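Given next, in C-alpha cells, is a single chain: the form predicted alone.
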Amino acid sequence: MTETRPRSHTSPYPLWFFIPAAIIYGVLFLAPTVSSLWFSLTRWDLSTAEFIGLENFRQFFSEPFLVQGLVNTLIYAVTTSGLKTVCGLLLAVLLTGNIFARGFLRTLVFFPVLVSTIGIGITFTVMMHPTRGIINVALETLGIPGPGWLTNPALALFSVALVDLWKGVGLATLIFIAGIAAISPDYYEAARIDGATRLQQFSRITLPLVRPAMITVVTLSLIGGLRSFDLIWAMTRGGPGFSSDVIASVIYKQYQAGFYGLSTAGNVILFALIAIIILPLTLWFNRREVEE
C-alpha cells in the first residue's frame, strides 16, 4: 500500500516574483510610515532633529484650534459619507428604472467626478459669494435672504460638504447601479405577483441585496472624508477663523509655519484615526455579511 501524502498549499509563483512589489511597497509605504513615526517624536528641521518624546502629541491635543480640526474632520467625514450613501442609493434606484434619457442622466450625474477638485472649489467659491454669487442672487430674486455660505462660521464646513456631495455622489451612484444590476429580476417579478408595492420591493429586496455595494460606498466615502484637503483649501482655507479646518489643512498650516515635528505628529494622528475607524467598521461589515 502506498502512503498518501497531504498536498502542500504552496504558491504557484516563485518567491522572487513578489520581490519587486515588496521593494516598491517598502520604499513607498513602509519606509515613509516608519520615518513619520520617528520624526513625530522629534523637533526637526531640514538639517537637525532633537528627540522630545510625545511632546508634539501633547501640544497637538492642548491647542484648541488643533482639536477643533480633529472634530471638524469627524463631522465632515460622517456628513459627506452619509449624504453620498443616501443620495447615491436613491439616484441609483431612479437611474435603473425605465425613465426617459436614462443614459444621458447617468452621464450627467457621473460627470462631476471627472472634473478637477480645485476647479470645482474655485467655481463654487464664486457661486457662493455672499453678495455677488449666483446662488444668493437667485435667492434674493425669490425674496429669500441668502446666507453667508462660506463666511458664516456655522455654515462654512457644511457648505463645503454639500459641494463635496455634488462632486462625489456620481461615484457612489455608479457603485450602487452595479449592485442593483446584479440583483436577479426574478425577485422583483415574484414580489409583484405577491402584490408588493415599490416601497416594499425596495425595503425587502433592493436594500438587503445591495449591502455589498453599500459597504464599498461607506468605506470609500469615509476614507475620502477623513483625508479631505484640496476642496476645503480651495474654498475656505480653513476659515473663517478655524471653523472649517480639518486635520489635513491644520497639518499643511503647521508645515508652512515651520513646525515640522508638530505637523508630522498630525500626520500620524490622521493615519491612526483612519485605521481606528475603518478597520473595525470593515470587520463589522464583513461579519454581518457572512452571518446573513
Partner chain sequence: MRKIRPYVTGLIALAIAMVIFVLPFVFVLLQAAKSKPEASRLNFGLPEKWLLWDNLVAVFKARDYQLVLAYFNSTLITVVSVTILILLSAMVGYVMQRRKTGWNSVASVALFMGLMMPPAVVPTIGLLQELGLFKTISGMILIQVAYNLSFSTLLFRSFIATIPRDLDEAARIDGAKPWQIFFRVILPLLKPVTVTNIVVQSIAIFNDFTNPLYYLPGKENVTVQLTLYNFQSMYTSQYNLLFMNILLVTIPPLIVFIFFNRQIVAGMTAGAVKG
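Here, rigid core means the biggest group of C-alpha atoms that superpose within 1.5 Å across both forms. Positions refer to the first chain, counted from 1. What you see is a predicted model, and the numbers here were worked out from it, not measured in a lab.
Missing here is the form predicted in complex with the partner chain; even so, the following discussion is about that form.
**Q** With heavy atoms only and a cut-off of 4.5 Å, decide whether Asp230 touches the partner chain in the predicted bound form.
**A** Looking in the predicted bound form, residue contacts with the partner chain include Asp230, since a heavy atom lies within 4.5 Å.
**Q** Against the partner chain in the predicted bound form, would Gly119 count as a contact residue? Criterion: heavy atoms within 4.5 Å.
**A** Although the partner chain is absent here, Gly119 would touch it in the predicted bound form, with heavy atoms inside 4.5 Å.
**Q** In the predicted bound form, is there a heavy atom of the partner chain that lies within 4.5 Å of any heavy atom of Ala182, even though the partner is absent here?
**A** Answer no; every heavy atom of Ala182 is more than 4.5 Å from the partner chain in the predicted bound form.
**Q** Give a yes/no on whether Ala49 approaches the partner chain to within 4.5 Å in the predicted bound form, heavy atoms considered.
**A** No, Ala49 is distant from the partner.
**Q** Just one of 168 to 176, 72 to 80, 199 to 207, 153 to 161 has heavy atoms within 4.5 Å of the partner chain in the predicted bound form; which?
**A** Looking at the other structure, the answer is 168 to 176.
**Q** In the predicted bound form, does each residue in the set Leu30, Phe111 and Ala275 place a non-hydrogen atom within 4.5 angstroms of the partner chain?
**A** The answer is yes; Leu30, Phe111 and Ala275 each reach the partner chain.
**Q** Using a 4.5 Å heavy atom cutoff, which residues in 244 to 260 contact the partner chain in the predicted bound form? It's fine if the answer is none.
**A** Counting only heavy atoms within 4.5 Å of the partner chain in the predicted bound form, the contacting residues of 244 to 260 are Ala248, Ile251, Tyr252, Tyr255, Tyr260.
**Q** Superposing on the rigid core, is the Cα displacement of Pro280 between the shown form and the other one 2 Å or more?
**A** No, its C-alpha moves less than 2 Å.
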